[in-house]
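The chain below stands alone, shown as structure tokens; this is the form predicted on its own.
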């Protein structure tokens, strides 16, 4: 497992947790994110670091996965945070079902748990008797914003494909459903829908195969920008500039692609602020505030060149 300790100043690098006592008896928050190879979570890390420095009243320990399917490292991180006796765990689960069991164990140990970015599976929570709020965006609604932008350009009968995220992650499911909502509303022709597990290179390969099978594709809906970048690379390799691409996350790398037309749109879910806001909510509970309930919605916004 790789742990990143966030302290004043720059990220210090990879380190293992050691000891339970932290300076000045400040509350300790364990932040569990997804792949730090993904620019979205790199930016989230920067936002969390800046937040810790600004507040200065808590210690932050942050864990990032090695890649988008490295689920086991998140489970191990929870176990380690329980052992270390952190005050709160703030987690963006890579697998919405698998993370319920270890997080239930953390809650039973008296640790405040805040689920953000990716919702835990409702059935899995019920099976283990877990009541836990979700802090995050409307992934289905956000995906529909991007899908609608594509539908408005292509019109009825437009031929499209979907590049999906991890099948076990709730946000992947919700974004696929949002894209499918757009397909239904605009009467698009959905030719294919496959996962690329949030990864750029896998999306490049998956979409290249789709393009071979369906050379008449007119639009692509990618469930995150990392995969959208893989699609754009595949299009460039194929010498195609006639296919519209939409993504999700608004990472800095896609800004130039939207400006020059290689991508039509993406959805900003303000990832730099997301972990910081979830940490604020966790600390409120640690300090005696009320438990979070239901769905604490965070903002989304369609981003286009216009």
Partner chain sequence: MTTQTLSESGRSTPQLSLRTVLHNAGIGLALLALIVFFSVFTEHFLTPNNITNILTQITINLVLAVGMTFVILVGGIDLSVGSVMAFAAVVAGKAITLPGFGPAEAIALAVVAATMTGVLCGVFNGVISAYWALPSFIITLGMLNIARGAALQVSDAQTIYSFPLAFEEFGSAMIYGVPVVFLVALLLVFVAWFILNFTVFGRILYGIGNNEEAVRLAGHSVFRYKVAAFTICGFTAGIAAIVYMARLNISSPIAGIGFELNAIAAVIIGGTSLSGGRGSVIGTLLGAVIIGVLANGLILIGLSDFMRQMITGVVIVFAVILDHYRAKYAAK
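Numbering follows the first chain given and starts at 1. No experiment lies behind these values; they were computed from the predicted model shown.
If you look for the form predicted in complex with its partner chain, you will not find it shown, but the lines that follow are about it.
**Student:** Does its partner chain come within 4.5 Å of any heavy atom of residue 209 in the predicted complex?
**Tutor:** Contact check for residue 209: yes, within 4.5 Å of its partner chain in the predicted complex.
**Student:** In the predicted complex, does residue 59 have a heavy atom within 4.5 Å of its partner chain?
**Tutor:** Result no; residue 59 lies far from its partner chain in the predicted complex.
**Student:** Does its partner chain come within 4.5 Å of any heavy atom of residue 229 in the predicted complex?
**Tutor:** Heavy-atom contact with its partner chain at 4.5 Å: present for residue 229.
**Student:** In the predicted complex, is there a heavy atom of its partner chain that lies within 4.5 Å of any heavy atom of residue 256, even though the partner is absent here?
**Tutor:** Judged by the heavy-atom cut-off of 4.5 Å, residue 256 is in contact with its partner chain in the predicted complex.
**Student:** For the three residues 42, 199 and 213, verify that every one has a non-hydrogen atom within 4.5 Å of its partner chain in the predicted complex; reply yes or no.
**Tutor:** The answer is yes: all three residues contact the partner (heavy atom, 4.5 Å cut-off).
**Student:** Pick from 233-241, 25-33, 270-278, 51-59: which stretch has a heavy atom within 4.5 Å of its partner chain in the predicted complex?
**Tutor:** Of the stretches listed, the one contacting the partner is 233-241.
**Student:** May I ask you to choose, among 173, 182, 218, 195, the residue with a heavy atom within 4.5 Å of its partner chain in the predicted complex?
**Tutor:** Of 173, 182, 218, 195, the residue with a heavy atom within 4.5 Å of its partner chain in the predicted complex is 195.
**Student:** Find the only residue in 110, 155, 129, 167 having a heavy atom within 4.5 Å of its partner chain in the predicted complex.
**Tutor:** Of the listed residues, the single hit is 167.
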